[in-house]
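Okay, so here's just one chain, in structure tokens, the form predicted alone.
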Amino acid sequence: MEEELIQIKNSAVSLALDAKDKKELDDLKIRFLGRSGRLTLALKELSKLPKEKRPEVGKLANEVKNTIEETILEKESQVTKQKSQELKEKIDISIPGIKPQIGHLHPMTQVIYDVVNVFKGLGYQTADGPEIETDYYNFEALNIPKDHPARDTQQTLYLDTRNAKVNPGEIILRTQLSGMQARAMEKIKPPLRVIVPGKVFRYEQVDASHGFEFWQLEGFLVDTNVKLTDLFGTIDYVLRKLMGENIKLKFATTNFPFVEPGVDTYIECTVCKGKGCSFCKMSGWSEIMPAGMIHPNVLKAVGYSSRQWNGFAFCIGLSRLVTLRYKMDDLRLLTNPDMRILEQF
């Protein structure tokens, strides 16, 4: 038995020292130390030896195993170093490597983060809502009944609800984020300050300043004794934080069923600097933030007392804000996958 173990050791060590690569060494491990390896099979024969010889032969077997393992390990180290040296000789390591491209945030995402941070400083909490909305939250809870003419301006995209347990026309892609007013106010007791960034969808003609899928940020505040001047102050503060202190703003009256009174905020077009271009429809101004005082009917729809509570709501056109911030002349650049455009941000 001792002679057989010594022969196994000598054979394994000799073959290991002559091995040229890691594959040969891995084969040697299996050949001698694997489940059916020569040394493993020999160790199984120990039980057949007399009891007085087993300790001595067992000690020798362990020494043989350790010797084989150490020899293979040392040879693996030598082979690895040799391969590394050969590669260094073949490759000119002084040649500059290829710099990997590192991704970064899309300009829309960057602006969303900036807007959210500004409103967080004003005490607003951020909420999220479904892109697939019901007619009730998108329209009726906002004081827009089914026969209201304001629905015609929304260009709504309706989902096919055949074979579903809902009436036709009840499930839509949200046309505005204002529906989150009702959803949030149903769950949160006043006072509250909430902003909701997200995508909306409308069946519109796509041009330099319009799209059928675009981003908005809805915001609303409900408290006691809220005034229109509070709304103007908020709009002025937020837009100057986002666009710079020197921007030019102007307000105009407008009409939305869910606010009374309603105001529209315009910013001087940054693309043409007020001279007139295709983006601003040659007016020199771009609509950026429609707003107004929340209509009492909207407060009543969610169970708020319009005598005790009032507030304001606003909506920032985020897609348009991004294009104006970076002086883009076409909204469609935001969805263009051309890396030459995206790498600029």
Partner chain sequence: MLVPLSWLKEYVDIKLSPKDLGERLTEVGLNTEKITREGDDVIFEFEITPNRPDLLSVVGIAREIAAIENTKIKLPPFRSSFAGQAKIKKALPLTIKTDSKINPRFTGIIIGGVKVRESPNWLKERLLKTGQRPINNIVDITNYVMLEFGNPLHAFDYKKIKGSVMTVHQAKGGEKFTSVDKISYHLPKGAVVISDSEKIIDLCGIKGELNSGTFEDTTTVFIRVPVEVPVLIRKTTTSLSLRSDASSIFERGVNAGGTIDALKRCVDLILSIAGGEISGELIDTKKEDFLPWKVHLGIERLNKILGISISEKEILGLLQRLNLNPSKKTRDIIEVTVPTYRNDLKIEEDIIEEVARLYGYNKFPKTIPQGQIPVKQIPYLKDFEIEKKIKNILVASSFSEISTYSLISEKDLLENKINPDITLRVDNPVSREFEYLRPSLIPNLKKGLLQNKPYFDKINLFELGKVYLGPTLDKAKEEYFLSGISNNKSYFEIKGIIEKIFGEFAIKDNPSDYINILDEGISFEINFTDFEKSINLSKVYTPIPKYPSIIEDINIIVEDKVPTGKIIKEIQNQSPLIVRVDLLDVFESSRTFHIIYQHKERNLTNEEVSKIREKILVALKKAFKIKIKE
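Residue numbers count along the first chain shown, from 1. Here the structure is a predicted model, which means the values were calculated and not measured. Basically, rigid core = biggest C-alpha set you can superpose within 1.5 Å across the two forms.
Heads up, the form predicted in complex with the partner chain isn't pictured, but that's what we're talking about next.
Exactly one listed residue, out of Ser84, Asn246, Ser77, Thr229, brings a non-hydrogen atom to within 4.5 Å of the partner chain in the model of the complex: Thr229. Interface residue remark: Ser94 is not counted as part of the site for the partner chain in the model of the complex, having no heavy atom within 4.5 Å. Remark: Asn310 counts among the residues lining the partner chain in the model of the complex, judged by a heavy atom distance of 4.5 Å or less. In the model of the complex, the partner chain lies within 4.5 Å of some heavy atom of Met293. Contact check for Arg332: a non-hydrogen atom falls within 4.5 Å of the partner chain in the model of the complex. Within 4.5 angstroms of the partner chain in the model of the complex, the stretch 321-343 places a non-hydrogen atom from each of Arg332, Leu334, Thr335, Asn336, Pro337, Asp338, Met339, Arg340, Leu342, Glu343, taken in sequence order. Thr229: CA moves less than 2 Å between the shown form and the other one after rigid-core fitting. The Cα shift for Lys99 between the shown form and the other one, taken after rigid core superposition, is 2 angstroms or larger.
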